[in-house]
Structure formats: structure tokens, C-alpha cells
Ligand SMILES: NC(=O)c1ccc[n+]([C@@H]2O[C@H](COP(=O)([O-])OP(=O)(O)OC[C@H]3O[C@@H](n4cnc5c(N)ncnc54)[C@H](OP(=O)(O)O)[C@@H]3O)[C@@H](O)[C@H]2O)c1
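Heads up, the chain below is alone and in the form predicted alone; it's given as C-alpha cells.
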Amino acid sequence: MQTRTLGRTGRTVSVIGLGTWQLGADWGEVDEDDALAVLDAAFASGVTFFDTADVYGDGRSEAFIGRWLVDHPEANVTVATKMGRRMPQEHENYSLEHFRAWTDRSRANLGVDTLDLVQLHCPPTSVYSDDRVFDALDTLVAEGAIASYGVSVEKVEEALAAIARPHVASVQIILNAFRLKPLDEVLPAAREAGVGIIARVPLASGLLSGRYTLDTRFAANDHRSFNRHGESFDVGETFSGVDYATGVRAAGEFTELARAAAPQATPAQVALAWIAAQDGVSSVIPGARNPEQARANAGAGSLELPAGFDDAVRELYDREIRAQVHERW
């Protein structure tokens, strides 16, 4: 497993991390034993970066990680959580009072005194220009509630505004073969500033695994059913905002490219390895609902792709995907 420095946190993390949205909610049910088994498998495979949020299952995901940490006191892992979605996404709610309440809850769920990394969870665009918000985050660092802070963003413009902030340690952004816009400006700006980049939705909600067809059906409590058109949150979080039929067709082409480039790997592993190879990416955070997926994802952390594959990915994006997503986010 390759490792990278996670921006201004100074922490060394695995290039393939573990996103734990699946362990909390919105992807169908995962029980406690299964969740702990996923964490075990990821860690045993070299994963040292877990990403969660206080609203994943109303804290369920954090609590699972907290229980795992109790059982693995010597594990050198970095846990990033997020805050800001326990109330309506309104600018005035991003206050020191609310930050204290949210981080206290996350510290209790995770069983830690100091949170490794707290990220604002896709706040309104106006928040990024408010000095008071970042002063409040600095206060939490000074008080020892959090060690570092970052942001999770929807749009490139938000990422660039955050990177310009002197104490922002990391930016989490959607980056995958169906969402290339961050490569243009965000990654270069982050490299220049020393800010870490956490790539989320790396498989475009599973499309890039090559396993889905037009006939695939998802559970009613899976966001790939209930948020396909942005009914519950930003539509870009579901299939990267790509129309499902278009995504299935383009994913079929990606699968062919992946198999030609790395016959020994799965299309999902190739998709993850491609992101990890982008200059400036600190960690890629695919989710996993079972130990087998966790181990397979981790395997991408040592996969090298041939020259020319990047060009093929960009050509596919330009031809099939760009018109739907590039200007929107």
C-alpha cells in the first residue's frame, strides 16, 4: 500500500482509504458485525485512513469506528469525520456554538478526546468567505477538540476558496473518471498550498465497477434509488450527477479500457488506481459493504497503470460525460 502525507495535517495515510457512509446509512442495511468486519479487512489490507460523518446513520458510522478503535488501541489510523448537516444548510448555523456541540457528539461517538480531522460537510458557498467560520474552527484547534480541519465541497470554486485559507488542512471533493474538472485547477492549487486532497465518490456510486446494467435495481433506502434526481441532497453525490443510462453505457467502455490496461485487476481497482495516480491526491475513499470489497479496494493501492491509460480516460470523459457535469460542479 502506498502512503501519502495528508496535507497540512502532517499525518501519513494510505493512498486508498475507507469511506464509511455505507456503514451508516443510505446504501441499504449493514449490521454491526458486518461493519466491524469491513473495518478489520480494510486495516489488515493496509488502509490507515477512515472517513465518516456525524450524520451517517445519525452517528452510527462513527460509533462503529469508535468500537473498532477500542478493540485496536495500537492501530495507527487517522479518522476524519464531518459536521454541519445536523441542521439546515443555512449560513447562520455555522457557528462556534454549533461546532462545539457537533464535535462533542463526534468525540463521544468515536471515543476520543481530540478528533484527528473535522471537515465542514458541504456547507453553502457563502460559508467559505466568512472569516468568523474559520476563526471558530481555529478556536476548536486551540481548545484541543480537533487536531486539524478541512472541508468537503461540491464545487470547484468552493475548493479553491478553501485552499486559500491558511489553516485548511484538506479538501474532500468528488473525483473519478466521470468527474475530471478538479484536475484543471483544484489539484494544482492544492499542491502549491500543501493542502491534502481526499477523493470521494471514486467509483461514481459503483458505476465504474462495471457491475450495473439498465435493469439493476437498488433498495428503496439506497440513495441510488431515492436521490437519483437530487430529491434528498446534491445530485452530484449519486452517480457523480451523470444520467444513469449514460453512466451505464460509459462504464461499459471504461470496463473495456480497464481490462485492456490491467487484465489482472478489476475495473473498480483500475478506477481507484487511476485516481491515486493523479498528482496531488492524498487518499481515495471508496466505500465497502463487506470484507471482500474492502480487501479488493485496498489492492488498488499497489496497482500501476500503463502509459496511455490516462489519455483514454480523458477521451471517454470528453465524449460521453463532460457535457453533463463539467460546468455544473
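Quick caveat, the model's predicted, so the values are computed rather than measured. The numbering used is simple: start at 1 and walk along the sequence shown.
Separately, the form predicted together with this ligand exists; it is not shown, and the next lines address it.
- When you look in the predicted complex, the only residue of 169, 110, 83, 201 with a non-hydrogen atom within 4.5 Å of this ligand is 201.
- Checking 224, 181, 155, 98 for any heavy atom within 4.5 Å of this ligand in the predicted complex turns up a single hit: 224.
- The stretch in contact with this ligand in the predicted complex, judged by heavy atoms within 4.5 Å, is 116-124, chosen from 101-109, 69-77, 116-124, 137-145.
- Site residues 56, 206 and 211 are all in contact with this ligand in the predicted complex, judged by any heavy atom within 4.5 Å.
- Taking the partner from elsewhere, residue 278 is found to have every heavy atom lying beyond 4.5 Å of this ligand in the predicted complex.
- Although the partner is absent here, residue 297 lies within 4.5 Å of this ligand in the predicted complex, judged by heavy atoms.
- Heavy atoms of residue 21 reach within 4.5 Å of this ligand in the predicted complex, making it an interface residue.
- Contact check for residue 45: no non-hydrogen atom falls within 4.5 Å of this ligand in the predicted complex.
- Contacts of stretch 249-271 with this ligand in the predicted complex, defined by any heavy atom lying within 4.5 Å, are made by 268 alone.
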